[in-house]
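Single chain ahead, by itself, as structure tokens, in the form predicted on its own.
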Amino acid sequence: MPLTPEILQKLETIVGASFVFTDEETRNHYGHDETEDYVFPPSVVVKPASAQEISQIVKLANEYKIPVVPIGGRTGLSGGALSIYQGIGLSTDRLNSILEIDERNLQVVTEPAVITQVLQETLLEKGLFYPVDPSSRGSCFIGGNVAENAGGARAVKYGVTKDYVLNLEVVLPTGEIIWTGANTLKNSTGYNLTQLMVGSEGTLGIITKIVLKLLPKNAHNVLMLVPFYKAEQACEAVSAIFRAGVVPSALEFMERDAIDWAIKYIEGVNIAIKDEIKAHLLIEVDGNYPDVLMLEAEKIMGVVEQFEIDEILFADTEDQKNALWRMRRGVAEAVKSNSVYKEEDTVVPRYELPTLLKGIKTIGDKYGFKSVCYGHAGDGNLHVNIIKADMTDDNWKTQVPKGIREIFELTVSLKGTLSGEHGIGYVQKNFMDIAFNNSQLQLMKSIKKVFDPNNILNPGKIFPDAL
């Protein structure tokens, strides 16, 4: 939807002419995230510097019924930041300051465009720990983490983004600026607007300030890589570890292709793997008392040794630990570099992981596609990368969606759901009928309408096209 010179002039008046972009290069840059190969450029990219400027932009958009899409670090995997109806691409790039670190109350106030890793490292310098740890933490924005309710490797022990968000400053789709809650650890005062905003994927409001609770940092950790001769046994070992009384700080699953591709893709990672090995678990325990950690590691060893495994690798140095984590974090990029792919973000109760993995492979055989699976096994969160490889374009377009639907049906039948951390966005919205009936979807859509009566904020996301 092209915007008139009058509207563009009004946007320039709000944010300054140097922060309004209509050139093709900028629009294309902000027209994609990491979701497959989709590119949906907005008609204009605008870079406000405050909630007040965003409020004025949204009021203008409401007046002219122009779509507005909040755009953060563009690391998303569900198409949540794609401007599928063009309109205004509202980049949060300039809202990139850590505003206050409250060491007395273990809290931080931050703007949304602070990179997650930058926030974490700044806090660690003060002995504080923000544990939510998505694989893209080196480039994703904390605001996007809130919008998608990001998880990551350490969610198994520490929880996901929603467990750390205390309060939010939000610009509503009609232009009002509100705080959603209070900077307190407990809040039983009215509806929980804060948690409604977390995970709403930019459809209910634009987040401009975030108050997070923090933890004291842990002094020690133990990291081990366990090779399994059977991938389903690696999945079985996950719930067995918890039933033995150990809660790891991370418990990651990688099947053989995932780890092979990551080793080839990432420099400085050299791990010898026997041909017969089919999967690995990367397991971390952390805390302040090394003796306790070693006891937990020994208990984990006792569990995994009940399965068919090869020699366990313990990371003895920080360099070894960093190399193993680089390998795990680089899996998604390694898969992407090998083939056209689609990534699904299934999550089930962790005891059901072996059934889910076996079912995914059976469905792939049925529809003629290969899958590479990895993920946060301690949460039951399995990322399923469907690889195009030598599939015909016709089969890729017609057969793979049928297979994805069956994977999601299997997931829901196991008491799981469609997404553990990537969100629904644009690419998964037409599968929502698997997880929710019409009454549930209509209730969600009614909430959207209360917040956004003109449907200008990130339209075309989450809800099925047929709804």
Ligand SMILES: Cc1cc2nc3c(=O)[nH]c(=O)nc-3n(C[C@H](O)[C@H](O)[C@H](O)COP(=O)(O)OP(=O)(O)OC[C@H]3O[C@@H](n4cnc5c(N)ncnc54)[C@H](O)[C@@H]3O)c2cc1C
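This structure is a prediction, so every number in the text was calculated from the model and none was measured. In this text, residue numbers run from 1 along the sequence as written.
There is also a form predicted in complex with the ligand; it is not shown, and the following applies to it.
- A residue is said to contact a partner when one of its heavy atoms sits within 4.5 Å of a partner heavy atom; D163 fails this definition for the ligand in the predicted complex, lying far away.
- Although the partner is absent here, A234 is not a contact residue: none of its heavy atoms lies within 4.5 angstroms of the ligand in the predicted complex.
- In the predicted complex, the ligand lies within 4.5 Å of some heavy atom of G143.
- Taking the partner from elsewhere, H376 is found to have a heavy atom lying within 4.5 Å of the ligand in the predicted complex.
- Heavy atoms within 4.5 Å of the ligand in the predicted complex map, among the stretches 402-410, 417-425, 58-66, 433-441, onto 417-425 alone.
- With the partner removed from view, the residue among P227, G380, P131, G73 that has a non-hydrogen atom within 4.5 Å of the ligand in the predicted complex turns out to be G73.
- The contact residue chosen from E201, D286, E296, D257 relative to the ligand in the predicted complex is E201, the criterion being a non-hydrogen atom within 4.5 angstroms.
- The candidate spot formed by L77, G80 and G152 is fully in contact with the ligand in the predicted complex: every one of the three has a heavy atom within 4.5 Å.
- With contact defined as any non-hydrogen atom lying within 4.5 angstroms of the ligand in the predicted complex, the contacting residues in 83-112 are T92, P112, given in sequence order.
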